[in-house]
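Read the single chain below, which is given as structure tokens and is the form predicted on its own.
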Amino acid sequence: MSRLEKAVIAVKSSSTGDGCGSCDVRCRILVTVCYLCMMLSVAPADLARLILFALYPVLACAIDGVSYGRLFLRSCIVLPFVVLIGIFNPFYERTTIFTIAGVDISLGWITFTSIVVRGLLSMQALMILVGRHGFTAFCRGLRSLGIPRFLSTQLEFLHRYLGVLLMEALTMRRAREARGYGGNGLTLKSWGEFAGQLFIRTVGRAERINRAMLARGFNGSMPSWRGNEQSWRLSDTLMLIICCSAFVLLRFVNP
């Protein structure tokens, strides 16, 4: 199985999640928002307190029966971006904080590590949320919490058309292989032609999908299926109170 085929399967599976969400998706969204607010508000130099927030994804994976090692590896996709954000900190913040084995550790390295940890933990929290309930349920939960419908609809369409783009790319790749164009790689000129054709095919497919939706009565927002949505229970309230209290304590109480 090629990497493109794996990407198509991953996008399709992320639409519905693993189907084992035991709590209301709105509860998970509120818990995740509280976690991100408390974790991201930690001072950049307070790396020890920031590392304590790693307990949440570890415990969440243990409760959901998911391998944290696999989650960690998948979250490393954001590493190039967060490294690019903080790579210059060691050159500008040279105040020595402490010394290890004769090596001075400056404030810049502390803040750089803090940026990397924040990026990884944020990505892991979002992956836990979407991986458990699915991106479609996540968007519906946002609408239930009062997020503007056009925003949640655009997010859902963005995810949907990502799958369309990958499917068109996979179709073109299979067509090229079936015609035996020789070699597995593409020249620079071929990449340009491939990207142009992919854009044209994707736009055409999107227009056909849009016409089909309009013919079925689409009015600018996705419909709600009340019968498939979970109801808010007492366990959701208890989970929200316990988790948010723990995050606030980690943020404001020095352990």
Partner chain sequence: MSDALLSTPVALAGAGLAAVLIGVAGHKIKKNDDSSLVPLMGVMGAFVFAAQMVNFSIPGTGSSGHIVGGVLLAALLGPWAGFLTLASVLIIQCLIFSDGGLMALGWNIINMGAMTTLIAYPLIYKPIARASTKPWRLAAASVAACVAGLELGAVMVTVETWLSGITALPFLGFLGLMSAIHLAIGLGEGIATSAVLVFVAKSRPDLLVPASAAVHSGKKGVKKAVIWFAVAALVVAGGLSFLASSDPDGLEWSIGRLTGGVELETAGNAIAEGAENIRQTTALMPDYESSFSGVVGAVMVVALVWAVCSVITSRRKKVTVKDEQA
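Numbering follows the first chain given and starts at 1. The term rigid core refers to the most C-alpha atoms you can superpose between the two forms while keeping them within 1.5 Å. A quick note: this is a predicted structure, and the numbers were derived from the prediction, not measured.
Another form, the form predicted in complex with the partner chain, is not on view; read the next lines as being about it.
- At the 4.5 Å threshold, heavy atoms of residue 10 reach the partner chain in the predicted bound form.
- In the predicted bound form, at least one heavy atom of residue 118 sits within 4.5 Å of the partner chain.
- Among residues of the shown chain, residue 151 is one whose heavy atoms approach the partner chain to within 4.5 Å in the predicted bound form.
- Interface membership of residue 217, defined by any non-hydrogen atom within 4.5 Å of the partner chain in the predicted bound form, is ruled out.
- Using a 4.5 Å cut-off on any heavy atom, the residues of 116-141 that reach the partner chain in the predicted bound form are, in sequence order, 118, 119, 122, 123, 126, 127, 129, 130, 135, 138.
- The two forms, fitted on the rigid core, differ between this form and the one not shown by less than 2 Å at the CA of residue 72.
- With the core superposed, residue 170 shows a C-alpha displacement of at least 2 Å between this form and the one not shown.
- Annotation: Cα of residue 122 displaced by less than 2 Å between this form and the one not shown, core superposition.
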